[in-house]
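One chain follows as structure tokens, the form predicted alone.
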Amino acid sequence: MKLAVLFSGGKDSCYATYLAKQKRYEISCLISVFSANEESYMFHTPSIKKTKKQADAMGIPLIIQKTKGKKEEELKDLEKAIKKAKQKYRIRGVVSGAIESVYQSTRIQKICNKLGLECFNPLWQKDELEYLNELIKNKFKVIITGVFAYPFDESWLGRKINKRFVEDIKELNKKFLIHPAGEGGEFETFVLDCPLFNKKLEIKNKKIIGKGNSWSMEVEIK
């Protein structure tokens, strides 16, 4: 079955793509939504424009859809992108990296129902610590590109998801109820390498902005 992946460049959409390929689905294209609203309810924003580099590394076509990011209205732009994928690549379903967000999953499902497409959420309700360890086991090189909750600070930017990260995030979960996989929007990620890539991505330059407990890192990839 031909599928499109809603692709942000973060760990969830990358790992969902990996799991779909493991089940022998054909990934016909990726869909990235570039939102002008950094506080979008639906879409990942730090380093989103670098999905072009990831798509090249995977050898998979990328559909880019821009949106102003207004609540609910941004869903119309997502629908446009999925329609493009259906028309151009004859996809029969859509993959998302949703884990617990009912807000995201129900809206994606509604669009798929309207367009007569299947909706696949391979990470849905997955144990978050088990998931992080799977990323490490399967050699996903994932870095933190944004933090948006107490007690995070600038020092977390650029950190890799590794065993030390898992131990630290477990403590933050116990003390501050930080979701270990960042599903509450506490942090955002970017994948530099994984089994899907034909080449590793490297950071050439980075720009850090923010204050307090809200920081983001824009990366330039070479």
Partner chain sequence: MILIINICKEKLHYYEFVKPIEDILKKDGIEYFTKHYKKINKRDLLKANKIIICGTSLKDNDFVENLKEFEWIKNSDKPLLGVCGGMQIIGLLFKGKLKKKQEIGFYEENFKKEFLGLKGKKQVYHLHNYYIDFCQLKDFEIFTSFADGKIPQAVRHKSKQIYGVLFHPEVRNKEMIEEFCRL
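Positions refer to the first chain, counted from 1. Bear in mind that the values here come from a model prediction, so they are computed numbers and not experimental data.
This next part talks about the form predicted in complex with the partner chain, which is not shown.
Among 141, 80, 110, 88, which has any heavy atom within 4.5 Å of the partner chain in the predicted complex?
Filtering the options by heavy-atom distance leaves 110.
So, residue 124 and the partner chain: in the predicted complex, are they within 4.5 Å at any heavy atom pair?
Residue 124 belongs to the contact set for the partner chain.
Going by a heavy atom distance of 4.5 Å, is residue 133 a contact of the partner chain in the predicted complex?
Contact with the partner chain, no.
At the 4.5 Å heavy atom threshold, is residue 20 in contact with the partner chain in the predicted complex?
Judged by the heavy-atom cut-off of 4.5 Å, residue 20 is in contact with the partner chain in the predicted complex.
Please tell me whether any heavy atom belonging to residue 151 falls inside 4.5 Å of a heavy atom of the partner chain, as the geometry stands in the predicted complex.
Although the partner chain is absent here, residue 151 would stay clear of it in the predicted complex, with no heavy atoms inside 4.5 Å.
If you look in the predicted complex, which residues in 73 to 109 sit within 4.5 Å of the partner chain (heavy atoms)?
Read in sequence order, the residues that approach the partner chain (within 4.5 Å, in the predicted complex) are 95, 100, 102, 105, 106, 109.
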